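Coming up is one lone chain in C-alpha cells, specifically the form predicted alone.
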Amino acid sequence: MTTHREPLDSVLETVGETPLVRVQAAPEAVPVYAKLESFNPGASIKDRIGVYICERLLERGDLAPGGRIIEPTAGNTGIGMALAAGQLGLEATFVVPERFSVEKQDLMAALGAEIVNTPTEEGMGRAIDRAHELAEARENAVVPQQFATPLNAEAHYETTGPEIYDALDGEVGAVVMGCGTAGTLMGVARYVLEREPEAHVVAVEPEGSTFSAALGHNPETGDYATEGIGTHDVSRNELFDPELVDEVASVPDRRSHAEVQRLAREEGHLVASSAGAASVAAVETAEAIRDGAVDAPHDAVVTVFPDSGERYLSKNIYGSFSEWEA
C-alpha cells in the first residue's frame, strides 16, 4: 500500500503520511487509532526526525556539506539519520549501548554508518557522553542530540501532528504516546493542544522508568526490557515538558509483551514492545473516557506504533516472556 500516486525522485520523499488504523481492542464508543510508523522507508517513526534534523542542520549551516552526524541512539534514530545522511551527502556515526537490537545495528551499518558500542550497564547516559567525545575529536562533526534538540519535537509538530489531526477532522480527545526522547509526544501534543486545549495528554513509559518524577511523583526506579521508551534520568530528557502532560502511564513489561503478541495474533500488527505499552495505555485511556473517569473533548484516542517487531526477533519478542526479558 502507498499513498504516493506519482513517481518520486528519492526515498526521502516517502517519509511520513503513514496509515492511521483503529485498534480493535478499544471500546467501540471511544475508538483508539494508531499511527503505523513501520510504513516509513526505514521502518520506524525515527525516519521523520532523521530527515528533518539533517535537512535543517544543513540549511542553517550548523553542518557543512560532507560533514558527519554523530548521535547516541538505541537504533531507530540511527537508521533514520543514516537513511537521510546517505542521501544528503553526509557521514554518520552512531553510539549504541551493547544490549540493544542487533538488527538495528546491522541496518545502520548497511546504510553506511559507523557503529560505536558502549557498555549496556552505563545506559544511554554514557552513549550521550561518548558521542560528544567523538565529535570533539573530529572536524565538521555535529551531535544533533535527539534528547535535547528542539528539531526533534518540531519534526512531529510539522508532520505527525497535522497528519493525525487532519485524518480525524480535528476530533482528537486524547493523545497517548510513548516517551523516550519525548519528541513525538511533545510535538504532537503541542500541535493538538493549540487547536483543542482540552485534549487529554498521556505520556507512556515502562514500569521502572521515571518520567512521572517530572509531574511531582516519586517513582521507583527499576530495570525494564521495553526498548525505545523510558528514562532513569529525566533531566537528560530535555524535550519533556510536564506542562503539556496530564498523566504518565507506567506499563509493566509483562503487559507490554502480552499486548505485542495479542496485536499480532488478533489484529495483524507486527509491532514491538514500545507499541505494546502504548496500546495498553491508549485502550485504558479510552475506557476511562467511556466510563467518565477522564474528561475529553472528543471520543477518540490517538497513539503511535513506532516500529516493526521484525527488528526484535533476535530478542525473542514473539517467544515467552522469560525468553524476551532475558
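Numbers follow the displayed sequence, beginning with 1. Remember, it's a predicted structure, so these values are computed and weren't measured experimentally.
If you look for the form predicted in complex with a small molecule, you will not find it shown, but the lines that follow are about it.
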Inset, instruction - Please name which of the stretches 224-232, 86-94, 163-171, 125-133 has residues with heavy atoms lying within 4.5 Å of the small molecule in the predicted complex. - result: 224-232
Inset, instruction - State yes or no: in the predicted complex, is some non-hydrogen atom of C179 no more than 4.5 angstroms from a non-hydrogen atom of the small molecule? - result: yes
Legend entry - T184, heavy atom within 4.5 angstroms of the small molecule in the predicted complex: yes
Legend entry - Heavy atom of each of Y33, E37 and T303 within 4.5 Å of the small molecule in the predicted complex: no
